[in-house]
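Starting off, we have a lone chain in the form predicted on its own, written out as structure tokens.
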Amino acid sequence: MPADRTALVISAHAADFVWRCAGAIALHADKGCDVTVLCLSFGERGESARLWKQDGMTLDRVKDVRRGEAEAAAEALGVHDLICLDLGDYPLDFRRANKEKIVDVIRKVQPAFMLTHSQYDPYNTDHMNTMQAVLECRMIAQAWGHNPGEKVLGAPQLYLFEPHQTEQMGWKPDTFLDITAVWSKKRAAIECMQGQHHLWDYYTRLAQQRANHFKRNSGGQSGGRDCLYAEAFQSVFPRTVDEL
């Protein structure tokens, strides 16, 4: 892996990057890749029910707790830079000025690849709206006429990480990543998310299920590589390779 390789994760809410691609983050960080995580919001309204059930809770306190959880998780994973834009949630605010903030981060990072949400999510429209915004911002970051003089973006692959309740989303994985070597880091990051304790074991089981799919697709019983934990992704653009 080139010493200056970078990656960018764009997460709608403060915990999404942990559930869905913490293994990919930790694995690439261990390989020397500088991984930036961009959280568009703290999930303070829609994904913090456990916090809101506490007496005297306020919006600012919820944001502070969620920011602290995201920072702790990012540290556990070896994230190079955690950026929080605080664009609100339920719904996320994707006015033009906010999209340009995302473009600024994309151009600054110059990622070799990007990860974000699935294209469709009827249970949480913040997620699918994030994907559409990221796709648009990627395009803008490639435009020579946008803020002329800045370095334009190349053509990084955009991977869509696995949504919750996958069957309802029209999401189809085409890439499986073995995260066994960094599973302890992902689990540590998961346990930073105290506000969503109910998801800890769900995403542990999912990683084990995807490991089975990894083994099957790496050669199956006739020589497939062993794997205990994996993550799955759907690529948006065609991939060019020199060998299969």
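As the structure is a prediction and not an experimental result, all values here were calculated from the model. Residue numbers here begin at 1 and follow the sequence given.
Note that the form predicted together with a further copy of the same chain isn't included here; everything after this is about it.
Contact annotation for the candidate site: 120, 164 and 177 all lie close to a further copy of the same chain in the predicted complex (heavy atom within 4.5 Å). By the criterion of a heavy atom within 4.5 Å, residue 78 is excluded from the residues contacting a further copy of the same chain in the predicted complex. Proximity of residue 172 to a further copy of the same chain in the predicted complex: non-hydrogen atoms within 4.5 Å are present.
The shortest heavy atom separation between residue 68 and a further copy of the same chain in the predicted complex exceeds 4.5 Å. Contact between residue 214 and a further copy of the same chain in the predicted complex is found at the 4.5 Å heavy atom cutoff.
For the partner-free chain shown, 199, 202, 205, 206, 208, 209, 210, 212, 213, 214, 216, 217 of 179 to 217 come within 4.5 angstroms of a further copy of the same chain in the predicted complex, judged by any non-hydrogen atom.
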